[in-house]
Structure formats: structure tokens, C-alpha cells
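Next comes just one chain, in C-alpha cells: the form predicted on its own.
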């Protein structure tokens, strides 16, 4: 993984796209390295991931225009599929993935951030889908995820105009969850990740699956059926038994409360 670093601290993993000389732009090799990094994650030991970019200027400045400029129609479609397949893997990764966005998140950078469960941005973050200014469409899910996240009208305005927006506007329209000073970005994301990692892992995974699958259903009744099944699955876990027993101990006698070390079981 020459362009990607992966570190683990307790139950939190950090994947860093490390190509700062090119503002962490995505070419075929970087996409392969990101895929390999996610495949290397031990999802039994690691319960939440943070995805970020190396340096203080850019999360991911976009797909590599130098590589794309000479692609044929078939090659362009194949490159789009390569990115889309990877970003779908990230979106459906068993454990939560938080994007910690430092600097530029343009084109493919915005698209990979949107494939994460949610986004924390530094004050210097800049977002956009500049593809129409380059004679192409967003190709890694931008036309689909942006409309789902912020609504079709706002997504169309951003995509059609190819304009960039700053972190405060991204927060206002719901593209990001939180904006923090740059020096606080990674500590904030890791703190949130640690909080998630401290909760029952089967429950967290089932929540992610319920939300993702529910959004694909045509009716609320179909979506609720997905939730019902995943809710029921939790009752086969030791985490549910111990978590509820601890709550009842607290209700009965606060002095009996103990720390619950949730397990992947």
C-alpha cells in the first residue's frame, strides 16, 4: 500500500491516503491501495475507522486528471466502475467509517467522503464537483450520493455550476456533520470513533445495515421490515443480555453498575 497508511489505536483504525505531492489525487494505483487497506482491517478487533488525507492542504483533491485525460470511452467507463465499486465497498463496510476532511475534497474526494457514514471537516475544507468544467460528469457516485445527502435541487446547483463551497456552507446544507479547527480534526474524529467503538459492536453494525438497506426500499413498511429483522438479531448476542442486565442493575441499585466490555459475539 504505497499510497495509503493504516494504523490502529485500540479499537479505532485510521486509513490515511498518502500522496500529498499530488494533493492525494486518486489514480488507479491509489484506488487499489485504498481497497487493500480496507481489506486488511480486522473487523473483529477494529470497531470504527477514520479515513483522512495526508498533509494539511488536501483530503483528496479529486481523481487524477493526468490519468483520465487520455482515456477512451470504454476506459473511462471502466475507471468509473473501479471507483464506484470501491466506494460501494466503503459505504457497505461492516463497521462505521468517518471521513476526517482536511482541505480539498473535490470530485472524487467529495465522492469518497460521501461514501463514508458521516463527515467531520476542518475549517479549511473545500468541497465541490468540478467535473462539468472538465467536460465530464461525476463518475464515482457524485450524482447519486450528493442528491441523497443534500437533496436534488442543491445537488444539481453544485454539480451544474461546478462551483466549490467552503466548510461552513457544507455544514449548513448538511454535507458535513461538524466543522472544527484543523488541529482538532483528527482528535475529534478519533474521539467520536472511540465512542462508537465503545458501544455494542453487533448493534452498531446492525444499525448501519438497517439504515443503508432501509434507504433502498420503496416504502416505509419494507424499510421497517429490515429494521425488525436486525433488531431481532441483536437478541441472540451476549452484548444485549449484558447491556440490558447492566441497565436493570442501575435502575435497581446504582452501586451495582459495572462497566460493560462489549464483545463481538
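Numbering follows the first chain given and starts at 1. None of the values given here were measured: they were computed from a predicted structure.
A second form of this protein, the form predicted in complex with octanoyl-coenzyme A, is not displayed here; the remarks below concern that form.
Judged against octanoyl-coenzyme A in the predicted complex with a 4.5 angstroms heavy atom cut-off, the residues 57, 106 and 130 are in contact without exception. In summary, the region of this chain contacting octanoyl-coenzyme A in the predicted complex, judged by heavy atoms within 4.5 Å and restricted to 130-138, 147-155, 176-184, 90-98, corresponds to 130-138.
Scanning 230, 68, 202, 37 against octanoyl-coenzyme A in the predicted complex with a 4.5 Å heavy atom cut-off leaves one residue, 68.
The listed set 226, 196, 30, 61 contains one residue whose heavy atoms approach octanoyl-coenzyme A in the predicted complex to within 4.5 Å, identified as 61. In the predicted complex, at least one heavy atom of residue 25 sits within 4.5 Å of octanoyl-coenzyme A. Counting a residue when any of its non-hydrogen atoms is within 4.5 Å of octanoyl-coenzyme A in the predicted complex, the hits in 73-97 run 76, 79, 80.
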